[in-house]
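Only one chain is included here, represented as structure tokens and corresponding to the form predicted on its own.
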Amino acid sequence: MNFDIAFPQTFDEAISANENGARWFAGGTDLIPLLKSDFVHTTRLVNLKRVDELRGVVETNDSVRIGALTTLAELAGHELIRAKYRALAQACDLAASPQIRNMGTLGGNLNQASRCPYYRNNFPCYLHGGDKCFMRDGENREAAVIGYHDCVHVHPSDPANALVALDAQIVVRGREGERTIAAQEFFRAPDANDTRMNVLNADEMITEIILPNDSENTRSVYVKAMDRAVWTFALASVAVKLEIRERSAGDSTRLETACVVFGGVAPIPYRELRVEKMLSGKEWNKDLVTQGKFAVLQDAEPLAHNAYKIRLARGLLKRALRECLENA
């Protein structure tokens, strides 16, 4: 494959360089394997590494802004992120191997391609323009159990789940200008007519992620189950964010609000609204964690080999709540 590489140094130069099917390039941990496997064809790569505006973590009065080129390793170890947005730091720390975390960027991680083995082995599935999902009736142990349409792959990103739970905003920019998208609205389940995994237009790139400046009563955590202890994609995971009303004289600590987002179970970060409603307003104690009857993935439609994910997700939720309780 023959292609050229552009090295813009500003936003405007990057947007101008992306034309005629060009592809953005940063850490390259996903794109390079796709190019080598002949899954992706392009005549130009637009290397964003010199665009310094896309880097760093900046705290303002009402938010924390993360540049899209900030690496997963930087976020996992960042003092502010670890202190205020623990779920995001944990999600970045649990994503992939140390080598990939050192190279992979947050923007690239949110925009990575499917990890479905049928897609990666070039089966003519929906994601390749075909008319069938081979995982649905094939080896579907790692497939979605809820929220899917034609394609039953699961979204591969760990940070995506934490960002939805943390009510993040994703800023994107293209030829038509800039727009800000709620993380919950950014991801989409592919179908036969539209195989995109998010709402980005072809000429748009993620420029930054904005996190609200939460109160000191906010707690968050991310836990993940994998086949091996490290460096694999989630069989199931959960990001939990809680607003806690601190204990006062004669009163018990209570949960004001809860946000629960599961990963590894759907083509998008899956928000569990029933569980959030059940938790909100409850007294915050060990009985809630150990005795709670959580309606986790109640509308699931598991396939032949993945019903275990429902039980696994329920166990992960209790573990996440326990960690929040211990840190409250």
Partner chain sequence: MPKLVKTKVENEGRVTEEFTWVETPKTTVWDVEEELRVVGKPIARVDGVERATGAAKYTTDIQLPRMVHGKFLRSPHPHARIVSIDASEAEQMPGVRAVLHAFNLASNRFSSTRDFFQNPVRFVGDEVAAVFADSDNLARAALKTIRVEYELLPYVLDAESAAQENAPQVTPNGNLLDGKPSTYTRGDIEKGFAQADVIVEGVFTTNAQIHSSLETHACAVDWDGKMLTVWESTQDVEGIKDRVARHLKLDKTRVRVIASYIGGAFGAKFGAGKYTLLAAQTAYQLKRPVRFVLDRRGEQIAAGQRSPTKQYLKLGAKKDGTLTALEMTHYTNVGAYATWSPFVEGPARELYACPNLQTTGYTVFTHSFPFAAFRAPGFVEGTFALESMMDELAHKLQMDPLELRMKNYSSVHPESGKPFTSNGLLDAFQEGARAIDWETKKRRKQEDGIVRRGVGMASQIWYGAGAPPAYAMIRVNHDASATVLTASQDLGTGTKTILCQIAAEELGLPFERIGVEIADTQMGPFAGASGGSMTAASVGPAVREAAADAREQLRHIAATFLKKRVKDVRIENGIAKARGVEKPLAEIFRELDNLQVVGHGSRYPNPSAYEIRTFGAQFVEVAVDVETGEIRVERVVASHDSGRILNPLTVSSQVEGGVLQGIGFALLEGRVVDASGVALNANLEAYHVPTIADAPKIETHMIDRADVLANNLGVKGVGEPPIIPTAAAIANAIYDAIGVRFYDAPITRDKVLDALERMEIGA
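Keep in mind that what you see is a predicted model, and the values were worked out from it rather than measured. Positions refer to the first chain, counted from 1.
Keep in mind the form predicted in complex with the partner chain is missing from the figure; the text below concerns it.
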Partner contact for residue 226 in the predicted complex: the partner chain, 4.5 angstroms, heavy atom: yes
Residue contact check: residue 139 to the partner chain in the predicted complex, 4.5 Å heavy atom: yes
Any non-hydrogen atom of residue 117 within 4.5 angstroms of the partner chain in the predicted complex: yes
Exercise: residue 38 in contact with the partner chain in the predicted complex, heavy atom 4.5 Å: yes
Within 4.5 Å of the partner chain in the predicted complex, all of 128, 187 and 188 (non-hydrogen atom): no
Candidate stretches 232-240, 168-176, 205-213, 254-262 - the one whose heavy atoms come within 4.5 Å of the partner chain in the predicted complex: 232-240
Residues in 86-110 with any heavy atom within 4.5 Å of the partner chain in the predicted complex: none
